[in-house]
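This document opens with one chain alone, in structure tokens, the form predicted on its own.
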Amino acid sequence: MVEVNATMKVQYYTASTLDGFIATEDDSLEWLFPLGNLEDSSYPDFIAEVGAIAMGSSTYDWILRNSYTVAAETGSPWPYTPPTWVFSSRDLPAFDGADIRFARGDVTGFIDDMHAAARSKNIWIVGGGNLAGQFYDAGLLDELIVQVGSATLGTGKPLFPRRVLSPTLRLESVHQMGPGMVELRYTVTNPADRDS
């Protein structure tokens, strides 16, 4: 078992519509782009503290399909430098030069490797909601950071498809990001802590 730095966190950092969806049914993020500028958000400070990434296959597929757009915005079709675990039951292509590790099975089987790779920095659950829910179910999710946009979709991919009731989420901060978004930051009380 890897010794974990007490300040290291597993964080689900994402954007959501006002009605709780992170993407449309076909994984489009077009609702998000008009709402704000990434550089005006907490993202630059957040990503500087990320040492490893956990990503779901739908998010990875989106990056694959939109690699030209991603490259135009970030300078590379793969926008991340930390090692990334992509959780998928399918065989997926890798990006040349990227540190991508494909993972199948329970998230608990990979957490020690992620902690070791993060080197005292945080682990970011990029997406989606179901993957974040798996970390939550295993008692591994420490923080939920949601940038809520002034848009609704009616249907789509849910932010966090779990039933989570008070007092599990403790609101730590609220930060307005211009006229279109607000960031909510929650500490998550892990299931093991709730039972004691």
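When you see a residue number, it is the position in the sequence shown, counting from 1. Please read these numbers as outputs of a predicted model, since none were measured by experiment.
Omitted from view is the form predicted in complex with a further copy of the same chain, to which the following refers.
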### Task
Please pick, from Ser42, Gln134, Thr168, Ser57, the one residue with any non-hydrogen atom lying within 4.5 angstroms of a further copy of the same chain in the predicted complex.
Thr168
### Task
Flag this candidate site as yes only if Ile53, Thr81 and Asp112 all have a heavy atom within 4.5 Å of a further copy of the same chain in the predicted complex; otherwise mark no.
no
### Query
Given that the partner is absent here, does Trp62 sit within 4.5 Å of a further copy of the same chain in the predicted complex, heavy atoms only?
no
### Task
Give a yes/no on whether Leu140 approaches a further copy of the same chain to within 4.5 Å in the predicted complex, heavy atoms considered.
no
### Query
Heavy atoms within 4.5 Å of a further copy of the same chain in the predicted complex: does Ser67 have any?
no
### Message
in the predicted complex, is there a heavy atom of a further copy of the same chain that lies within 4.5 Å of any heavy atom of Val164, even though the partner is absent here?
### Response
yes
### Task
Let me know which residues along 159-187 have a heavy atom within 4.5 Å of a further copy of the same chain in the predicted complex, or say none if there are none.
Leu159, Phe160, Pro161, Arg162, Arg163, Val164, Leu165, Thr168, Leu169, Arg170, Leu171, Glu172, Ser173, Val174, Gln176, Gly178, Pro179, Met181, Val182, Leu184, Tyr186
